[in-house]
Ligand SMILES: Cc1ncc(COP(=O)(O)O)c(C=O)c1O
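Presented as C-alpha cells, the chain that follows is alone, the form predicted alone.
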Amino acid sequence: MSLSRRNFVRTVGLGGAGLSTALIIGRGREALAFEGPAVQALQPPDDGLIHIDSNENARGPGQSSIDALHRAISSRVGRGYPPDYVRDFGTVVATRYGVDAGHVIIGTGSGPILEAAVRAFCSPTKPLVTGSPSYSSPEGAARRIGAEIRALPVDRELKLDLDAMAQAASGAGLVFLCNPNNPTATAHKLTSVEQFVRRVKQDSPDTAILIDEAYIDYVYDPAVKTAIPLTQEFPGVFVARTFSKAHGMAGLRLGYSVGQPATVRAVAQAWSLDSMNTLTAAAGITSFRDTAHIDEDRQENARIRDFTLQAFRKMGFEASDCQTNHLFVDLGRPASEFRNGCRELGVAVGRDFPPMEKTHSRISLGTMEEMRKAVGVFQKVLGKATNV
C-alpha cells in the first residue's frame, strides 16, 4: 500500500477514519525499531489475521483525539516546522505531575527513551539489571554497546524479583523496572517499588533506575500507582510512559519521561529521541487531557480480560495476575507450537519470551469481537471444547 503526502492529507483530513485509525493503532508492530527484521513502513490494514500479538490498543484513540488530528490537517502543515503546541505537549505533561518543563523529555514512543537511558548510564563497566522475562528493548541496547546484562528470573508469582534485582544493582549503571511487567502482566504496588528504590539508592547511589509504566493505565489494583513522585526525591530515578497502550496511538509514536533535570538531560544527550510531529502533538495533548476516555478504555479492557481469562480457565489453563492489556498463559507447551497453530487459523499471538517460551504464551487483548473469534481458535488448537 502506498500513501503519498497528498493522499495522506486527503485520508486523514477528509475523514478516512478506517485507514487513519488503522495507522494510528499501528497493530502488529511492537518494538519494530529495536527488534525483529525490517518490514515495509506501512502494511495493509487488514492482512486477514486477528492481530493479538503486539499489545497495542485495538480500539484506538478516543474520538476527541481523532478530531484533533483532523483539525491539525491544513496547508499550515507544509509551512515551516511544528508550531508551539509541540512544545506545549511537554508543558501539559509537566503541569499534570506538578513539575517544571525541564523535568520532562519527549520521544517518538518510549522506545527511544529506553535506548537512550541504557546508553546514558551503562557501559562495558556499568551493567544493566533487568528482569527475565521482561521487555527486551533495554537488553538489546546493552548488547549494542557491550554492556553486561544481569537478568534476574521472575519469582513464583511471575513478578519481578525486587530483592534479587536490588542485590544485583550494586555497581550497575542502570536498573530497568518494567511495572506492570511485559510479558508476565504482573505488577508491584507503589510501596514495594518505593522500598526497592530506597534500597538501591542507599546501597549503590550512582546506579540509575528507569521505571517503565507503559501499562499502568490498565491496572485494577489501587495499590499499584505511578512512581513519578519518587523521581523528584531521588537523582537518577526516572519514569517512562507511552501513548501506545491505553491512549491507542502506537502508530503516531509518542512517549515521555519524567525525572530530575540532570537525569533527563543525560538521557536526551545520549541518543536521538527524534522529533515529534505536529499531528502527534495535537492528538497527544488532546488524549492526555481526555481522562474520561482512558477510564472508559480501562473498563473495556477489564471486561475483555475477564472474558478471555475465563475462557482459558474453562479449558484448564491458568494465567498470571493480569494488570495489563495482555495475558501470560501457562499452556504447558512451547509458545511456538501454539503460535503456529493459531496462525494457521487466522490468529496471530505473541512471540517467544525466554526463558519461559517452552510453557507460556503471551496473548494481547483485542476487541471483544476479536477475542470471541480468537477463543474459538484457541479451543481448536488446544483441543479443549468449552461453552464460552
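Note that the coordinates shown come from a computational prediction; the quantities given were computed from them, not determined experimentally. All residue numbers refer to positions in the sequence shown, first residue = 1.
Another form exists, predicted together with the ligand; not displayed. Remarks below refer to it.
Residue-level contacts in the predicted bound form: of T186, S287, S244, T280, one residue has a heavy atom within 4.5 Å of the ligand, and it is S244.
Think of it this way: in the predicted bound form, the ligand has a heavy atom of just one of G236, G248, G111, P133 within 4.5 Å, and the residue is G111. The ligand in the predicted bound form is approached by C178, whose closest heavy atom lies within 4.5 angstroms of it.
Among heavy atoms of F196, none comes within 4.5 Å of the ligand in the predicted bound form. Under a 4.5 angstroms non-hydrogen atom cutoff, the ligand in the predicted bound form has A214 among its neighbouring residues. In the predicted bound form, the ligand sits within 4.5 Å of a heavy atom belonging to R253. In plain terms, the part of the chain that comes close to the ligand in the predicted bound form, with a heavy atom within 4.5 Å, is 103-111 out of 149-157, 164-172, 103-111, 86-94.
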